[in-house]
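Subsequent text provides structure tokens for two forms of one protein chain, presented individually as structure 1 and structure 2.
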Structure 1
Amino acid sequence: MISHLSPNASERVRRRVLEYLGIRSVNELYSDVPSEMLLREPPDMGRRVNHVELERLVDSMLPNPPRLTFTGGGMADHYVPPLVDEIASRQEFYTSYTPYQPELSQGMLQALFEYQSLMAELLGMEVVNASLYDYGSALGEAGRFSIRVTKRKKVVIAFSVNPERKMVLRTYLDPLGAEVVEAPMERESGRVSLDSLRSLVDDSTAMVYIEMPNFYGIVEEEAEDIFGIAHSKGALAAAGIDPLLAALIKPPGELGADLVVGEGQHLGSPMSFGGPSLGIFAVRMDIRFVRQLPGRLIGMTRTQDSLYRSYCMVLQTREQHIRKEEATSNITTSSSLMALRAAVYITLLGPEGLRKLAEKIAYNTSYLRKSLSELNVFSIPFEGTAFKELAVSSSLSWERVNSHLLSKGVLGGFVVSKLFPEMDMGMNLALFSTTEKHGKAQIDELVDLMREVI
């Protein structure tokens, strides 16, 4: 009996309904299914667990979370303001579907329009879609987008792009027979080598793509020149950015980017073991771009009687439900609630809250770098400006370091060679991250614990 979830489960209601249908048992509702296919018994999934048992089970399965997380690699432990959780737990938002009936769904539509508008401001762009799944698939879509717009088939990316995202990009581009070329990194600075990039970008290049910060935490200070190289060959200039960094440095739009992608999960959502996430996708207001945009777009409009300002989905003819195989993407369900969270977060922090937050992360990164480089077995191999993430090289085994940290409830760096040996370059690297959740005391604690291993 699932009567707690279904009001019609009771014998009384069931009998009434079956009687109306003129049948004796629900089995007859499956009479159209060939009998050789019908299961006689339900699949074995164990007995149902009641509320109290389930909560007890969950508690018994899950260990306490670590006290401090300093792990990097594309995800960091950010603070989630309570108002974001509270708004996102309003059932009007979280239980609703994609706003196909705009009159009944103005709340979500307006929130998504505000997300598009706020994100556009933050990134220095003009048009942001109302969402893709995550940073990785946003990059995959960016690659496909650039190929559609330019009708070219080569994509040049920095070697220092996050390798998980590189994998997604390759998966998305593979069926197009596109070529993905990696521009090497300068070993000292950790930034992409402009000379190599210049030699790789040519008339067949659809897109040039860099990340800020890159996999090693380094900010591409010459982004403007890189975008210039792309434009000189008629390729799209594309950047991936941590939206928090955009509150501190000139945003990609101002530096000349045509297309920006990123991860919005950092804006007020928990890590949740990697997802749900929020793929950011932004372009300049150029009708060639807008018509090729993947994913949902919300536009501001008015009612037919001109009484009210209102919002609805626009340019739906790009999308799968109308354009089918000619659609700009297959995306349907995307990441609305995460976009709503980001909108609440950005509105709540406002310009000053975001700026201070980004500055704090920059200070933390700088202090972590300084403190770690004072320990003789650890070094920071790249000189470039780092934000939030920091690549640390060690002459000790990271396993030893990290297990000591873990014994004190602290999560250490992500060991690059474990998953991506090609990104380690023989330097025994681990990626650390530091966020607003850390202060000097927490960073000092991390460094002291690392010193103990020596």
Structure 2
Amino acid sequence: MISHLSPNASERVRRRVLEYLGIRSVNELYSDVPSEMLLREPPDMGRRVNHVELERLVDSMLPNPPRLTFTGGGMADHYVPPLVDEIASRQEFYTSYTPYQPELSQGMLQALFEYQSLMAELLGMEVVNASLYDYGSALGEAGRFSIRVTKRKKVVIAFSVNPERKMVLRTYLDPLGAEVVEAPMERESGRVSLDSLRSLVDDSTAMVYIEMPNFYGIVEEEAEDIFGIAHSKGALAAAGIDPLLAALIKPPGELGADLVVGEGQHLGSPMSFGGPSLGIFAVRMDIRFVRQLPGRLIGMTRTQDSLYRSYCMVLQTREQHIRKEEATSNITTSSSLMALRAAVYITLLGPEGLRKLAEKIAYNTSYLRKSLSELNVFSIPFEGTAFKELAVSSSLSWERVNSHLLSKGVLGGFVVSKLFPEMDMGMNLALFSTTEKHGKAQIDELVDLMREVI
């Protein structure tokens, strides 16, 4: 019996099944098989391996193995435990629509409530909505949220914010006549310049926003000071964060953030050609904030007879059927299935598992940084601490480097100047990403292939 794989492999359950079948041992189930064909002992299959190692072993036996992916600047290649697919594919979850009728939707409502609760604990925040479309739409909603709450129309963001999200934010705020100002970055560290930030934040500022890690993969180590600058002028302190980083460092809520957004796609969902994604939106407990949340909020209550715990939508500030023209947002749905997957993923890993995962990514990033910096034509331009994303400068053409990598089945770095020349700053940058799916051997292979180009 493979007891570590079967929840019903205990001796008590086995005896009960045998008794029900009217047999004395499991061997009697194979009485029709000739005895010479039966194994006397289990075959030697080698050491037990985890799912990632097993998939890697199978891939190595295929005629056209899948490529190694090190491309940064967006979605990263994370591992998705099979159990996430198993649970999320259940019919009652996979086909569910907006839970307008709580008496018919208790399962999905509870799943969303669990997602809100787990994400709140992970981020150190108190209120999390039932998800938005993606990171970009969450940031756009954050900008409008800050304007509604503070009655101001200036938003200060770090230059190092992902440029795609900058564009989404400006698109959301343009109809309001709001001003978006970028705080410069320190070229040496890759972090926000505090002196420049102080000069930009004033009494007209609604929100100060930073990302951890930022577009270049750098962690803002002075986040508390940045949030303090925002609060000194009555502005909201907002952070965009990779939830996995929040499992490793002090979460943004404990650093003083009023509002937190982020991307949850990699918490149990595949890259899937760029979507769907999962927008995270969290605020600290303040009734002004709660009333201005976009989307919806799931709450827990009890049935009328007080006998059973139950769930329902306690806040719906959408225009579709409740608030109409007074809605806080026109977002008419959410990424509920992705939120469910995130809840399953976080529950599977637990606090220790999430921390170990984040540590693995941090170790990989550090090792990749050290290995690439030893090659004489590549350099790491920013000295700040990097997580998952790594900006690399090259004296060679990245097209030449990536072409060689691709010929060996490896997806290389994202060439920044191709889409965002203003973010390249003349350094010929490419963004590499490393996750828990990479081991030392995979990183060494990448570095060796880049050495071949030299």
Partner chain sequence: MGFSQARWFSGDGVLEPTPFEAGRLGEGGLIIAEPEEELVEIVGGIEEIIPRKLIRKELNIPGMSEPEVARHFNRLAQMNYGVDNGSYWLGSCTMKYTPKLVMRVAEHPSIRNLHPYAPEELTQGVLRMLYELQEMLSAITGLPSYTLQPAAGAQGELTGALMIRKRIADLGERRDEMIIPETAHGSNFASAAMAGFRIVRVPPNSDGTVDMDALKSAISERTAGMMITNPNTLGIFEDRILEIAELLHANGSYLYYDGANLNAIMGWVRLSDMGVDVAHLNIHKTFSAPHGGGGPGAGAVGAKEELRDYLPVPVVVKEGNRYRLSYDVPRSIGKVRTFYGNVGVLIKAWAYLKMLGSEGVRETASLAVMNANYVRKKLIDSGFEVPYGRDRPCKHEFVISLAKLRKETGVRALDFAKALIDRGLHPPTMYFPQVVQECLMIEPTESDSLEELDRYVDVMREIKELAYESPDELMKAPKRSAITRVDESFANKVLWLSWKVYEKQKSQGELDR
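Note that the coordinates shown come from a computational prediction; the quantities given were computed from them, not determined experimentally. If you superpose the two forms and keep the largest set of C-alpha atoms that fall within 1.5 Å, you have the rigid core. FYI, numbering is relative to structure 1, first residue = 1.
- One of the two isolated chains is the form predicted alone, namely structure 2.
- When two forms of a protein are overlaid on their rigid core, residues whose CA moves 2 Å or more are considered shifted, and Leu406 is not one of them between the two structures.
- With the core held fixed, the Cα of Arg24 is displaced between the two structures by 2 Å or more.
- A displacement of 2 angstroms or greater separates the C-alpha positions of Pro43 between the two structures, with the rigid core held in common.
- Taking the core as reference, the Cα of Leu57 moves 28.0 angstrom between the two structures.
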